[in-house]
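Two versions of one and the same chain are coming, encoded as structure tokens; call them structure 1 and structure 2.
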Structure 1
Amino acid sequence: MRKRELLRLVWQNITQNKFKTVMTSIGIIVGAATIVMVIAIGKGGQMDVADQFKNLNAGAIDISCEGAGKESSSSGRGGFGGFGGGMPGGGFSDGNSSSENSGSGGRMPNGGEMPEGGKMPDMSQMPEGGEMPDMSQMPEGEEMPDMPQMPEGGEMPDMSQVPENGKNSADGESTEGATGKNDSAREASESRENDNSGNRGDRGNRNGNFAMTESTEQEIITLTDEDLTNILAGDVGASEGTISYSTRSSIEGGELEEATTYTIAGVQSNYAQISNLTMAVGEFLTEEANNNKEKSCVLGANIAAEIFGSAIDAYGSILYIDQRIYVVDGVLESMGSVSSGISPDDAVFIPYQTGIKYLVGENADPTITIIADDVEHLDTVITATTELLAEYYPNTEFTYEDAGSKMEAASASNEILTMLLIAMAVIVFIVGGIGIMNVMFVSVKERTNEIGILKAIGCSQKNILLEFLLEAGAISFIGGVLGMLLSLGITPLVRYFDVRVELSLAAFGAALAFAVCTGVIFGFYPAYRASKLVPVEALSAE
């Protein structure tokens, strides 16, 4: 039998009962729509990642001081470390104002344990009375349990139950340390009196976690622009670099009705160029402003819009950061979201030295960013830098992060998500396929008599198999097409929920291929059964 005639008959069978065809293909419709959406969302995710990293310089390596948790001593210290994680921010950010001046804690680690000879965080701004608001975590007004008076045998307050407030690197993690046992708690409280160190949360976390076997003291240092100069001068394969830190502080002014907390980034004049930032208005912070510790700032696009309504309005205006007047020197163009580090759209940039002087003091947790000359050999740059820094700080570990590895991590998690969604789509297809199989079985049953007639007048097994297979394939093809249309309908809805969807021809192709394959695979057995029917029995079937 000619394929064309066979197709004609198949088409006739399908169109005779449109309702049944559509009902049969519902599973496939959903499956195909799922596939299209999965691929579109996955692709959207990839493009998101790419966008997030487009501002990142490929050769950029971030160097920050590693919280030397692992090496740090006794369990007592561990407990302390964990606890301390929450403290310093509070200490620093001086519980000032009623505004939610949270979060600084996480940012100003320095010191960590530094029991002896460490740099003492500036306690001058600490509220008197020993009540330390844990700004990093606790809601405003909460009082920190007074550690020295803590009953022995009591447990450390479980910080994890304190509502998270603002983004703070010290957050939840430090709680593990905090839940340490009595002795550690006691020791912690003692230590606190001694050290009062601003300890970065993650360090604390590690301290708390490993109730520690090693006894080497690890030195935690604060990176400075001197370190940057040393690295750049040290022939490590990087000739450009900058140092920056971020903190959070309250801002007033413009159209703000009340003081609001924003991310403040202390940066050098070359930060804009290294981070590929472009100005919408005005100019970026100058070297001069940095050296003179001028109170000027550059606003991210979102912030300018929030505080002043527009970039133009913001330019040249003044605002209050931590109750000090700053002049807006410029506004950045919208850069889009970033996956890590400082999001330029939502940050206020101030000169590095200005921030050190007025905002963070010694508590800064700066990150040095160097640009490798050869993007292909980031490893050697990192190795050279490690060796160089080891000469200055033999007992300190630093963390290195390069753009590529960040991007890989982001892509990897995106891929896992995509795989999960694909698994889901496959399950939908299997269910849809079983649906088709069922309907095809019923169809074969219904049409047994017809199959008998066809066989009696000389239709071969092959043709009958082919007819039913084509029918299943055609039903699922129709389902695939309807599914694609459905996905087009869903897309605006998904976008409405701020999920990036990138429809592609490949996705439609994959959906259609999957749909047809499902139909043919699951339609095969019923078709095979039909082809094997005994003519006499099939004919006598009612």
Structure 2
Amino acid sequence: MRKRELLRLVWQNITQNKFKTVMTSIGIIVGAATIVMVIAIGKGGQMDVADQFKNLNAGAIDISCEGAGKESSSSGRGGFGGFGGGMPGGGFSDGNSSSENSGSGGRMPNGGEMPEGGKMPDMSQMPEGGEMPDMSQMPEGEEMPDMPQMPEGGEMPDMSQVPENGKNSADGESTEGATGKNDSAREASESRENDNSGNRGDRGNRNGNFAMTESTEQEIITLTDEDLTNILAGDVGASEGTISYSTRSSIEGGELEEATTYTIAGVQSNYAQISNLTMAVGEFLTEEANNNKEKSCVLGANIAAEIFGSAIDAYGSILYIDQRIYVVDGVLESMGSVSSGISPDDAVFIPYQTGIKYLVGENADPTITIIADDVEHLDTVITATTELLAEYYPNTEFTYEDAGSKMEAASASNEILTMLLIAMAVIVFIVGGIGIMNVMFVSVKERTNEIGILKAIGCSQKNILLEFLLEAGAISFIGGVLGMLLSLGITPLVRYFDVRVELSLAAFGAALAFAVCTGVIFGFYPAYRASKLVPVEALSAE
């Protein structure tokens, strides 16, 4: 059979029942549309990632302190008298007592309360048995006895062996009525001195009379310019860096009808260079403006358009930040990304020291950004920086984020989404291919007599096989074309949900190739079965 006659026969079989052809290819239509959207959304995601991080230096590392700007509530050390402890017999404070209580030593012995106007009694004369007197009934005007001096190291002497009628002298001299010096008590006290300057270790009395407590809570600090200088001078593998912070404050001016809250970023003059920011008009904040705490600002592209209408109108204008006048020195180009936790398009940049003085004060929560000299060894730089900061702040934990990790994480998320969509498209194609296979089996069954006639007039098995494969491929091709048209109709709907879609010829070509291949692969077995029919049996089949 000639090729032209074979193609005419295939076309007739397809056009005789158009509805059947379309319903057969419905799975292919959906699969083709899915393939187009998968590639388009994946490409759009890649472009989003590129745009989001285009202003980030690949070697940038952000350093911040967890909980910075919040007050630390670490407990004080328990002790005696002015160290925050209670009087013997009266218990110890929890270490959080006020300075007023800690100065006096807390409660009186045996639970007695300090009488109004009373003074501390003279305790230089210990009563018989070495016990403290009951002071709960302290008469008005009486003085408290002289307390023994606190031995070096902050520990109380062992008073369990005070001699009868003895006097515990603070200067170590012999006392009235004493049988001798209280050498054993002094020696025991000296042997328990704290050997690490009173900051660490067990400070408690070994006889169990006192129990000192020490806070182990994390120290909260606020990063400063000095910390940045120390890092850059510490040979950690970074020679450039900056410090910045952000806050929220009300802004008035321009076309705003009422005060509106925006993000205010306090930055240094080199922030624009490190973050690869580009000026649309004007210039970025200068070092002189920072040193003089000038009230000047630079606007992000979105804020400039929202407040003044355009970058040109914003340049040189004034606005009110927290009811203070600021002059707009420049406007940034649209960046569409985040740098040091700040979105340039939606932020107002002011000099670092200006913000410290007028906006944040001691509540600043700065982030230090350093640029690694070698982007291939970011982990080494982070490790070295961690060790350096540990020398200055041993009880503080810092958070590190590098631009490379952010980009990798975003790219990985986009790749996962793309793989999920591809898996969905493959499943749809398999379902569509199975549909084509079933329809082709039914077609072979219905056209058994036709196959017998074709073989009787001299058609070979190859011609029969080729005819059915061409039919399956043609149905798939039609489904692929319809699927591409469907994807064009879906694109505006997907974009309506703020999903970036980038259509391309490669996407359409891939969808059409997948469609045709699916039809041919799943149509091969029915075509093969048709080519193997015996002419006599085919002609006699009902």
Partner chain sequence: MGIIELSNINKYYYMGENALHVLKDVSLTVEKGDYLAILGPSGSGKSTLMNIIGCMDVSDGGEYYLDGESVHNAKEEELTRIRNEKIGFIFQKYHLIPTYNVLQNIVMPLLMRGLTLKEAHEHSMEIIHMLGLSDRIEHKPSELSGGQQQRVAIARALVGEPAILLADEPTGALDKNSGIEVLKLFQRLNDMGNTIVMITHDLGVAEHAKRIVKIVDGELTIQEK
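Every residue number counts along structure 1's sequence, beginning with 1. Think of the rigid core as the biggest set of C-alphas that the two forms share within 1.5 Å after superposition. What you see is a predicted model; the values in this text were computed from it and never measured.
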Go through 1 and 2 and tell me the one that is the form predicted alone. 2
Gly241 C-alpha moves between structure 1 and structure 2 by 2 Å or more, core aligned: no
Has the Cα of Ala390 moved 2 Å or more between structure 1 and structure 2, judged after a core fit? no
Rigid core fitted, then: does Gly433 show a CA shift of 2 angstroms or greater between structure 1 and structure 2? yes
Once the rigid core is matched, what's the CA displacement of Lys532 between structure 1 and structure 2 in angstrom? 8.2
The CA shift of Ser504 between structure 1 and structure 2, rigid core aligned, in angstrom, is 3.9
